[in-house]
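In the form predicted on its own, a lone chain appears below as structure tokens.
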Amino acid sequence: MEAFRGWCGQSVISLYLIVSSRGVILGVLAFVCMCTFFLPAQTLHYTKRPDVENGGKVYRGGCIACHGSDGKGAPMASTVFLRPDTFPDFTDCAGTTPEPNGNWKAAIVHGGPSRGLSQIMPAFGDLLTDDQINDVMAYMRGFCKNVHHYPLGELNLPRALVTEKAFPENELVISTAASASGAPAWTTDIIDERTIIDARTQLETDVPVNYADQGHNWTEGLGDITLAVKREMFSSLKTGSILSLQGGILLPTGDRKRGFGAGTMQLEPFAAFDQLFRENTFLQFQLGADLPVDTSVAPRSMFWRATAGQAMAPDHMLGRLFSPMVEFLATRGFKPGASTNWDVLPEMQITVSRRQHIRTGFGVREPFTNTSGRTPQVVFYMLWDRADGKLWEGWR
């Protein structure tokens, strides 16, 4: 079993390099499903329920000297160091609730530099037991009262290439989809996501830039720009569930004649539901519609998407994060008798920086039905989680 786990983890990336047909894709899907059951889980496991009272004793025995009795930081006059920009205020719910316990534990066990943070945070892995570390994290979580019920960081699942997740984000994503056959063409989306009003509401701006070889002449131009608002409606770490609704407007900024836009303004409402399981296997679902204002120019359609994945990391889930996933993507027109276009997309997400705020995702999108005129695409993105620091920080 252990030999299979190691082989499985090393082989996932290699499989993406040979995806070129339906038969191979089915093999990849089966392989990813096998890895979901056999690879070690990423969830932080506890030998016993954390003891908040004991965590308070641990905190007052050492942590209080720097972080203060209230979690906001000890008085500047009593400390002998300059506070870095990353110095935490544990009472700031909007800043602390999006951080999963794994991030906190990595900094406590291995020290700040292990996550690209300041060296003033020492390593306590040799001084505290695993239970004591879990206890003190539970106590520190109490500094944030979370009266607004912000979603917890454990529900912030790895980002899929196409399926939108339910968790409200503060991210900048550069995503490119390029044709793998036929005339060269690709679209790069510059996606800005930021929480507004509170940590449950997100504003999204998507600016697509198109490049295409049309009749042996290169052409480029903007696509239809998207402005959207997402709102988390329900989340529960106990059940591992989170539900969000989003409403978007696609502005007719693209040139329809060159295939860069719909030629009319469109509305795009959708619902996103994510489910996390105990072993950090996860499912993501998205259901929505594209509703053009002028249906004589562009047809109405609906879409549904589903993603299955497994998050994995070495060092008991404190190391670099690897997330193999597979997406099933469907689009269908509203006209009676319309057929459904199905695509399948095996992929991988990997954290790049020590702080894990820079991530990359890559995969191959293959049409599975109605393949005439629809070519496979190579899809890739780079993600910057702005809430965790500046782009050039957190690498060492």
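Given the structure is predicted, the values throughout are model-derived calculations rather than measurements. Start at 1 with the first residue shown and count on from there.
What comes next is about the form predicted together with a small molecule, which does not appear here.
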- Message: Would you classify F81 as touching the small molecule in the predicted complex, given a 4.5 Å non-hydrogen atom cut-off?
- Response: yes
- Query: With the partner left out of view, is P122 within 4.5 angstroms of the small molecule in the predicted complex by any non-hydrogen atom?
  - Reply: yes
- Indicate whether the small molecule has at least one heavy atom within 4.5 Å of a heavy atom of E99 in the predicted complex. yes
- Heavy atom to heavy atom, is A199 within 4.5 Å of the small molecule in the predicted complex? no
- Message: Whether L128, V136 and M140 jointly form a contact site for the small molecule in the predicted complex is the question; each needs a heavy atom within 4.5 Å.
- Response: yes
- Query: Any idea which of 184-192, 258-266, 288-296, 101-109 reaches within 4.5 Å of the small molecule in the predicted complex, heavy atoms considered?
  - Reply: 101-109
- Message: I need to confirm a contact call. Of M348, C66, V352, V344, which residue comes within 4.5 Å of the small molecule in the predicted complex, counting heavy atoms only?
- Response: C66
- The listed residue (F87, W304, F273, F270) that reaches within 4.5 Å of the small molecule in the predicted complex by any heavy atom is F87
